[in-house]
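Take a look at this one chain, the form predicted on its own, written out in structure tokens.
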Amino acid sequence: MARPRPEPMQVVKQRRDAALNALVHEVPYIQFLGIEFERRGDELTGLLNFDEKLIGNPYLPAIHGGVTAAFLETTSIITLSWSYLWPEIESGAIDLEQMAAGDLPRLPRTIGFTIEYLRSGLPRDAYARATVTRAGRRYASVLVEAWQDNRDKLFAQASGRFLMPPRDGPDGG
């Protein structure tokens, strides 16, 4: 019995990019803050593009603490959603046309989010990467770190707990 021929890599990449774009670009607050995501395989890096409107203290100048918190929480939610949807994206079971039309899967909801501000966010681009430390059917835990010029010099980090959206079907699966 012959194995089915694998999909061309460009088709797989297009499907992954389309799913990520639909997930990110349908949330207006993400667009307002100017957050983008770079994808390498199944790993995402959040990018907060610098804009003057993000400055909270013009005398330092420093990125507003609320913007930093929103950036970390957004990166956590999108990364968690990405890991949650990954099997469906890879199998082609997810309807990308529906997602692009705004029919998104439900996103995880924040239960608790604890932020550590380690230093002032400078007036430049910032990056964040989240790690899902526990992903169950009902809730998940995520750690996220943010840096600017040097990955080893974090300016903020956070841990969050999230309520997972229910799976389709009566048994939750």
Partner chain sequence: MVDKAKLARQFIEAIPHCRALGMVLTEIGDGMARIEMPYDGKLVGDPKTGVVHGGAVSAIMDTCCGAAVMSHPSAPDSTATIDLRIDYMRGATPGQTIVTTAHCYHITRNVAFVRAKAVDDDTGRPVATAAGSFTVEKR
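Positions refer to the first chain, counted from 1. Keep in mind the model is a prediction, meaning the values are calculated, not measured.
Only in words, not in the display: the form predicted in complex with its partner chain, which the text now covers.
Shown alone, this chain has one stretch from 121-129, 61-69, 39-47, 138-146 that lies within 4.5 Å of its partner chain in the model of the complex by heavy atoms: 61-69. Put simply, T74 is close to its partner chain in the model of the complex: some heavy atom of it is within 4.5 Å.
Shown alone here, R16 lies farther than 4.5 Å from its partner chain in the model of the complex, counting heavy atoms only. Contact between T114 and its partner chain in the model of the complex is found at the 4.5 Å heavy atom cutoff. With a 4.5 Å cutoff on heavy atoms, D103 counts as touching its partner chain in the model of the complex.
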